[in-house]
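Single chain ahead, written as structure tokens, the form predicted alone.
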């Protein structure tokens, strides 16, 4: 099976700071690093490192050719990454000593992909495959509709959160992944609790408390506890979780087993500083003594 991921590709500029800046504050950074990022790229790298076959659908500018090369090095199929006139998307990320972050995004080429390019990428897709997307690209609903019409299972990470974007794709979804804050925002926007949404499987990440899997067909909830670690940088942890979850399901794991693997990968990720370039692989999970 193949995971087709419509996802952002960003150049991450990560500034280590003594604390996250407040309104009007000028703050000197302690260090600066540059690397591959974007929620979509992070998810593709995580799924590939978890042994899934991943086809990334996205766009970069001429300044982002190195990001495509990096994705290829990590085992991602990059044949359907387009080159746009716009510059590559980028993120300015501030990370404090507690590992918390503040992120400023510029979409750039992530919003330049065409429906024709998406359709071309999905030409070889079959009903055995999975389509994954999030909110850092354009054409999310159009792409999800195309994938759904082809019979793919549709998975959606509802971040960065946008109530209108979520409502537009809810009828197409088989799997919805969101964090606790996003779940509360969605409940407020729709006027209904998350466990009553018309999506069969819903996963709500709960930070240091783990995650909750809601199966609406059975009307059941299952909580998966977190693994206690000392966080260094929480950037990309949710994306790592999502990529590993989809890879586990792609390998035929039951949902609970895939969630436990994803939880372990996310726990390792928060102990590392960086984004796509430091996402753990399966050997890291085997060597990790957190379980």
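Computed from a prediction, not measured in an experiment: that's the story for all the values here. Numbering follows the first chain given and starts at 1.
Unshown form predicted together with alpha-D-ribofuranose; subsequent notes refer to it.
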* To do: Just one of 145-153, 68-76, 122-130, 88-96 has residues with a heavy atom within 4.5 Å of alpha-D-ribofuranose in the predicted bound form, so point it out.
  => 88-96
* To do: Note which of 82, 139, 105, 172 lies within 4.5 Å of alpha-D-ribofuranose in the predicted bound form, where distance is taken over heavy atoms; exactly one does.
  => 105
* Asked: Is there a non-hydrogen atom of residue 42 within 4.5 angstroms of a non-hydrogen atom of alpha-D-ribofuranose in the predicted bound form?
  -> yes
* Hey, in the predicted bound form, does residue 235 get a heavy atom within 4.5 angstroms of alpha-D-ribofuranose? -> yes
* Classify residue 58 as contacting or not contacting alpha-D-ribofuranose in the predicted bound form by the rule of any non-hydrogen atom within 4.5 angstroms, answering yes or no. => no
* Consider residue 266 of the chain shown here, and say whether it contacts alpha-D-ribofuranose in the predicted bound form, taking contact as heavy atoms within 4.5 Å. => no
* Considering only 1-34, what residues come within 4.5 Å of alpha-D-ribofuranose in the predicted bound form, judged by heavy atoms? -> 10, 12
